[in-house]
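Just the one chain here, the form predicted alone, laid out as structure tokens.
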């Protein structure tokens, strides 16, 4: 679930932090920059583990801060594929069951990966497993807040880095202030849903997986 990732970065220490130990000041700056952030193709950064190497510090003209190249190891949440995890159901939707780990919420179990046969209850807004027994079918609901055991089947990284403004076409140059031209973004862009930078896809379509309460007995 958690891995140690070796990283290298140049850390800027402002002058008012010079009275502190260099390692302490660098650790604080690294955690400010990386903690609770998703690094593309790496995972969700949790906290600094240790600093392995410090290069020489430099002060550049016009900037009173010091700049130090730092080699360090960071604790990252990045489950491997087929790893079994336990989380809690955050909510259900037509897209599937959304699971949270407490510190990470972007986990989805799609409908085809639920215990089958599965059905979505529109009134209750929950998924249920129609469990067949000798006495007939029993509806096992996947209620919000229930603990659920799932297996990681896939991961999706989305590059959410800021992009530059759209370039105007040559025949219609975009010049702010001209009559009839708007500088506002298109309506579909303005209302576009924000994508999660890191999403885990899971499954419970196997014996022993699903709500913990299903398998207690």
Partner chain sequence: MEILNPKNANAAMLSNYEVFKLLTDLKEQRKDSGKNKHSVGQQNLNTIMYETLKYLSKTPCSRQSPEIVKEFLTTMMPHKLTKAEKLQLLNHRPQTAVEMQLLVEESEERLSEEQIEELIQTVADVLPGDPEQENAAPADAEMDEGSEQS
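Given the structure is predicted, the values throughout are model-derived calculations rather than measurements. Numbering follows the first chain given and starts at 1.
The protein also exists as the form predicted in complex with the partner chain; that form is not presented, and the subsequent description refers to it.
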Among the candidate residues 130, 146, 121, 83, which is the single one with a non-hydrogen atom no more than 4.5 Å from the partner chain in the predicted bound form? 83
Contact with the partner chain in the predicted bound form for residue 49, defined as at least one heavy atom pair within 4.5 Å: yes or no? yes
Is there a non-hydrogen atom of residue 155 within 4.5 angstroms of a non-hydrogen atom of the partner chain in the predicted bound form? no
Spell out, yes or no, whether the shortest heavy atom distance between residue 140 and the partner chain in the predicted bound form is within 4.5 Å. no
Should residue 26 be counted as a contact of the partner chain in the predicted bound form, where contact means heavy atoms within 4.5 Å? no
Mind listing which residues of 21-38 have a heavy atom within 4.5 Å of the partner chain in the predicted bound form? 28, 31, 32, 33, 34, 35, 36, 37
